[in-house]
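Just the one chain here, laid out as structure tokens, in the form predicted alone.
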């Protein structure tokens, strides 16, 4: 609907220009909003005020010209009014509203899809936790945010690849191997002063036990360096396999697991740094190499090679992003924890040095999760190994509740996740409320079929019978779904979808509680069954994008 109104306004402005009522101009972006009060119409636009400065005219005069130039309003518009300083308010014809349901019926499972992306290749990199321990609750939110952004973009016509960056080339990997080694010594009866910098979790002891049982004889034959290397490789591979299993249970499958080690093959990082140095982006002070990130707006220059000759994470990240673009991605999206906020300017500096526009890179920050149980905080500490794992959350509340609840706030806002609320089968639980709406719809349709009603298509109903205000509201919300998905794709804001599904479920529950769908009036029953069917289609499509099931019975 917003697209139709936007097109009408563009045409009306051009007609106003042709008639000499408006100066020739480039039409700015036209905003179409839904007014808070029904008295102000179904939609409103402030385009007259947007044009005022360029036209050097009173906005109401501009609005009058636009409204008088709108054509074919009888088909779609009941009336158009000018309000306040120059708002244009649109009142949509009730009959036209209901005709929009034909598109839902025709497209069914494809309703909400678009060609917005036109096949543009996009990579979404998310989670990317070090393979030094299982995924915990802090990783879970970023995981579902990244996955749902990928799903939104796929629905909107982008060609998407999901990637997990395995940070397996740093000191943390040696620390992992040493951690397992010390636990093996303890299990062998030796007294060990376990270093505080080593990984403390129970999972390290479990790994040590498995290795000791499986490789007892081989361990005795290995030299110290070989043993540490072996333990590091075994532990990281085992942990990564567990991470993949947990993500699969969470409904997330990556197209690529990219090892950091790949960046260092054939001296890749060093060669890139040398190229950047020749281009003037890197300079040397003593034995340290610095990147001139201040040239790109960063607060200070950043080290890319330390005094000891070792490249920094920043150096590897520049090479990694070069690798992404070299693989043919038009656009790259990184999902990071909020603690990486200060890292953004240097990453954009790196992108510019590579000759890329910063619009090719989107960085989305995901804030921390406050885990609660019945309103009380659940203590977590990754330092001591006392944390709630993703697997524990999935096992306790289920995949659907976990995914849905992680998306209930903007990704850059703190989120309270209450385990008990997520399990509750009541209207207090947002995912239950929405899933129950879908199950209720399926129950209504089954009941209708049992009573001899075939579930009708658009051509089989008298759509004009849907003339209640509640039905008009339902149609409006249904019609907003494709626009919502496009807006979510443009802004990379997945939280918009659960907001929408809760709104749609609320309007549906309210409608059903007030009005009988199946009655003695055959034609009205058919029309309302059709309306209910379309609500079910949209709920299922929306939940599918969230990676949440749409149950038929509850």
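Because the structure is a prediction, the values reported are computed rather than measured. Think of the rigid core as the biggest set of C-alphas that the two forms share within 1.5 Å after superposition. Numbering follows the first chain given and starts at 1.
Although not depicted, the form predicted in complex with the RNA is the subject of the following passage.
For a residue to qualify, one of its non-hydrogen atoms must sit within 4.5 Å of the RNA in the model of the complex; none of 107, 205 and 212 qualifies.
Taking the partner from elsewhere, residue 410 is found to have a heavy atom lying within 4.5 Å of the RNA in the model of the complex.
The shortest heavy atom separation between residue 259 and the RNA in the model of the complex exceeds 4.5 Å. At least one heavy atom of residue 516 is located within 4.5 Å of the RNA in the model of the complex. Put simply, residue 158 is far from the RNA in the model of the complex: not one heavy atom of it is within 4.5 Å. From the list 115-123, 233-241, 456-464, 295-303, the contact stretch for the RNA in the model of the complex under a 4.5 Å heavy atom rule is 295-303.
Screening 446, 373, 265, 248 for any heavy atom within 4.5 Å of the RNA in the model of the complex leaves a single hit, 446. With the partner removed from view, the residue among 469, 255, 218, 339 that has a non-hydrogen atom within 4.5 Å of the RNA in the model of the complex turns out to be 339. For the partner-free chain shown, just 552 of 528-552 comes within 4.5 angstroms of the RNA in the model of the complex, judged by any non-hydrogen atom.
Annotation: Cα of residue 492 displaced by less than 2 Å between this form and the one not shown, core superposition. Core-superposed comparison between this form and the one not shown: the Cα of residue 527 travels less than 2 Å.
For residue 514, a C-alpha deviation below 2 angstroms is recorded between this form and the one not shown after rigid-core alignment.
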